[in-house]
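Single chain ahead, by itself, as structure tokens, in the form predicted alone.
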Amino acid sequence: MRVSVFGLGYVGCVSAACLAGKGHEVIGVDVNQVKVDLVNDGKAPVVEERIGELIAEVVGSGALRATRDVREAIMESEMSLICVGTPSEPNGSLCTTYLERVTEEIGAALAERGGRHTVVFRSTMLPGTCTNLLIPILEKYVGGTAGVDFGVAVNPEFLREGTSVRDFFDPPKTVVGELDPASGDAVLALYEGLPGEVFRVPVATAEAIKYADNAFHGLKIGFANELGAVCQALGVDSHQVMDVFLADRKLNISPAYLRPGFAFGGSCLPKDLRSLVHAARRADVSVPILSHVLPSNAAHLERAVELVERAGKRRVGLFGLSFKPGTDDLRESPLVELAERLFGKGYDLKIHDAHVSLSRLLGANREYVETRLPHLAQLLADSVDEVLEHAEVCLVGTRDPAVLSALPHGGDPLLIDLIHLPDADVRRAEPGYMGLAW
């Protein structure tokens, strides 16, 4: 394929060289004449493992050249990869100035070029940027419709500086946010033969995936460093702790707990986080990530309360009460906390949990409920139907088959989904359904 790559920084330079190495005919474009001259001389404008030898090879073979002329690059390519920077503004917001400028220039050139051309955004940008900002710019300058007169896709990169050439040829995944199937097909043709799973997703999903990755990477590093500091203060070998932690592939290094759902609770997580943070404070160790996990959890529960308030109804039903399905353990259950909040706000509440019967609650369970929700007896319903008949708004916090099979469609009562129901994707298109975080 004939490809133009806009922006010859780390991502653009590596993308251009690696695509040329795969046999594509590539034109690199940059406003910086020094970078353009370096590439045309067969030299890398960035310091990176293997990039120098690769650029020398592909420039020497004629597969890669560079220019400052946007029009020339567009006229001589069938696809453009946009790899310009999206730095932070002083207030932390995303700077899209360079993206907008290059999109305008490409759009003006495409208006003159004619024929099908696919514009692929590889720069990191927030969800909605492509659809709400960049596509309108292209349509204005081209005088046509995206997905019809020209293609558009978002193709985030997952290249680590220092190993980016290796990562290009052995990617963890390939993600294509396609405006239309033809655009997605064109992008995937670039990477034909590369390993790794391929995901064809909506444009905004592709934009968000890059942020999910980087936020989690930062979270992992911060978590490991904070735990290391606490361990050091307590005289524990932090690397030995993490060696054992990483060996657990069932819970720790796995998909476990990484699906958006309701708040956590129970007899372990809240108390253990509190005690660890307290120990860190006593040792004078700052742990801002760990100390904000429980406040973050409380904020997530508050979102459920806000959804009920937004519904504007007074009769509320709640399915589920224990902190974990299939048990009657109510200790620090977020559903008990939610019930307490709603009851305290004056909502007419009915609750059903097939595993919770006040007469059977014993010990710490009974003591906890009598302290946190002393009116539980008058709130509990014996059946699913009793809750549904009562409620104008139903919160679903359980995957009990009896509950799932009885949930109505059509918006009466309104459903607030706390767990991502098995048919959530279908229900999202229906009136009267609200997902907590989806």
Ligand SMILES: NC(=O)c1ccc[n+]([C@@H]2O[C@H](COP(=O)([O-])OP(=O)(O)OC[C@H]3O[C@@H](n4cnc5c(N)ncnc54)[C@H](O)[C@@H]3O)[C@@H](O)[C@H]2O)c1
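One rule holds for the numbers: they count along the sequence shown, beginning at 1. Not measured: the values here are computed from a predicted model.
The next section is about a form of this same protein that is not shown, the form predicted in complex with the ligand.
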| property | result |
| --- | --- |
| Heavy atom contact within 4.5 Å of the ligand in the model of the complex, the stretch among 95-103, 296-304, 168-176, 241-249 | 95-103 |
| Answer option from Ala56, Leu38, Leu407, Val31, heavy atom within 4.5 Å of the ligand in the model of the complex | Val31 |
| Arg315, Lys210, Arg71, Arg341 - the one with a heavy atom within 4.5 Å of the ligand in the model of the complex | Lys210 |
| Touches the ligand in the model of the complex: Val230 (any heavy atom, 4.5 Å) | no |
| The ligand contact at Glu192 in the model of the complex, heavy atom, 4.5 Å | no |
| In the model of the complex, Val84 touching the ligand (heavy atom, 4.5 Å) | yes |
| Contact of Ser123 with the ligand in the model of the complex (heavy atom, 4.5 Å) | yes |
| In the model of the complex: members of 152-173 within 4.5 Å of the ligand, any heavy atom | Glu157, Leu159, Glu161 |
